[in-house]
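Take a look at this one chain, the form predicted on its own, written out in structure tokens.
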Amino acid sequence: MIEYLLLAPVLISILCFFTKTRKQVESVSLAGSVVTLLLGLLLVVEVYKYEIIVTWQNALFADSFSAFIVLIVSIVGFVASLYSIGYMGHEYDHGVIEVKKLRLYYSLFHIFMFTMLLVGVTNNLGLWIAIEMTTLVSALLMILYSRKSSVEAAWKYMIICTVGITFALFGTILTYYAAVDILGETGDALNWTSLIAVADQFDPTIMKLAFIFILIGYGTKAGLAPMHTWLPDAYSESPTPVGALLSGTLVNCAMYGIIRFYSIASKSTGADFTGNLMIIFGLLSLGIAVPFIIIQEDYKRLLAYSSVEHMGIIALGIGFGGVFGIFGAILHMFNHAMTKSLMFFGAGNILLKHDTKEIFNVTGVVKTMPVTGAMFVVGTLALTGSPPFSIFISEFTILAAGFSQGHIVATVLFLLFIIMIFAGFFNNVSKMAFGMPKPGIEKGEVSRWTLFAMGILMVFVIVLGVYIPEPFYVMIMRVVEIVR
């Protein structure tokens, strides 16, 4: 099952590259996304039944945490593929891109999916290689339009993330060094399934240093402050479906790497050391996001700083610890992926209609694009933690964990930050959504495909705010046990 899941996007990528027409490449891409989604769901079912699957000489595995990441990547990848038909089709119709670039886009899109799925099912410290692969492929997607600004953003992204991933490599090597004393110089000293069983015997000093390197390294890719500086440029310059994948799945893959190492390091260093570091970086991310959200003039950059905020919230949940803290953090990963992708799709529709990313140049979206405008406003309320939407549940759970675990000062700061972010974010979006439209903007939606993709995500945003299905709850609780 794992091999099929990884093979599917690679084959689809090759087929997309060799198609000849727009209709062919869109059909192949959509069919491939459906296959990837179905294989991802089947893997989730298998893990739900057997709890862990190991294959390919222990190099690949899937436990509940792996399945959880695969679920996020599969769902967001599928809806992004749907959205791409409308969004990239509009770009093609208006002469922005030609068939050659359309083929290249879909081919890279599915390779990007492959790299993120590989992150979830890699059973060893080679996770570093998979995360570095995501950097290389996503950078190529960023420069699709070949604009000077997008090339600059891609170079900035590559340089910053490569420096960060180098720190992660140091942390990986130190972890292996600590494991060799216990497991010997064998391949088992690289596998999660082996490391977690003996992590309490590792040298605490080495593991403290290793976790610091890992947190800085993968934290760069996750967008934790102050290593977040690539996000605004990358999100703003990428094609909108790519921005949704960057914000909804890629940052979660990096956070997944941090949490995996957190589980190992905590057993040798104690939860206080790793937890306090997570709290510090979480609060720093929230605090830095506040002023940039309040004064923001570019709505795609607004979503970028929102990602910095939400990665900080996840880090806080892990740092607070306990069942509630970790449960809230894991649930928040899923909720943020669905909600932020919804917001990116709405922003993409607005960009196609108004041809600007400047907030002050967009007004009356609710009147000119009634469906997109309504979902964009609802998505804003959801993203800022308003009830009765999904993110409210995960944020409230993390707040409760902070108070129950005795982190009063950090929790109060968390609460103050999210209140300020709510005010700043909604103030910016209200300027775009309401008021009189700019002259010359015709009423009407961009594409039914884009609305369909947004509608699917809206279901997750609303339903998970009032009800968590039993199988999903069981999966998250199993992830909580893995992390703890």
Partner chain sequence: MEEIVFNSGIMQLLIALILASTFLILGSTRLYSCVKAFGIQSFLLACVAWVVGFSTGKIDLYIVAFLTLIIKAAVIPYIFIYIIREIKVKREIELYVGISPSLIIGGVLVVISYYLIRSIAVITELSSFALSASMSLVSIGLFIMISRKKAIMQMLGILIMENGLFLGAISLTHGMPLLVELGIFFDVLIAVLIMGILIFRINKTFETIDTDKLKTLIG
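Being a predicted model, the structure only gives us computed values, none of them experimental. Residue numbers count along the first chain shown, from 1.
The same protein also has a form predicted together with its partner chain, omitted here; what follows describes it.
Picking from 298-306, 313-321, 406-414, 248-256 the stretch near its partner chain in the model of the complex, with a 4.5 Å limit on heavy atoms, gives 298-306. Of the residues given (Tyr92, Phe273, Phe396, Trp155), Trp155 alone sits with a heavy atom within 4.5 Å of its partner chain in the model of the complex. This chain is displayed alone, yet in the model of the complex one of Val371, Ile182, Ile143, Val96 has a heavy atom within 4.5 Å of its partner chain; that residue is Ile143. In the model of the complex, its partner chain sits within 4.5 Å of a heavy atom of Ile129. Although the partner is absent from this view, Asn124 contacts its partner chain in the model of the complex, with a non-hydrogen atom inside 4.5 angstroms.
Its partner chain in the model of the complex is not approached by Thr380, whose heavy atoms all lie more than 4.5 angstroms from it. For Lys100, no non-hydrogen atom is located within 4.5 Å of its partner chain in the model of the complex, even though that partner is not displayed. At a distance of at most 4.5 angstroms from its partner chain in the model of the complex, all three residues Val151, Phe167 and Ile173 contribute at least one non-hydrogen atom.
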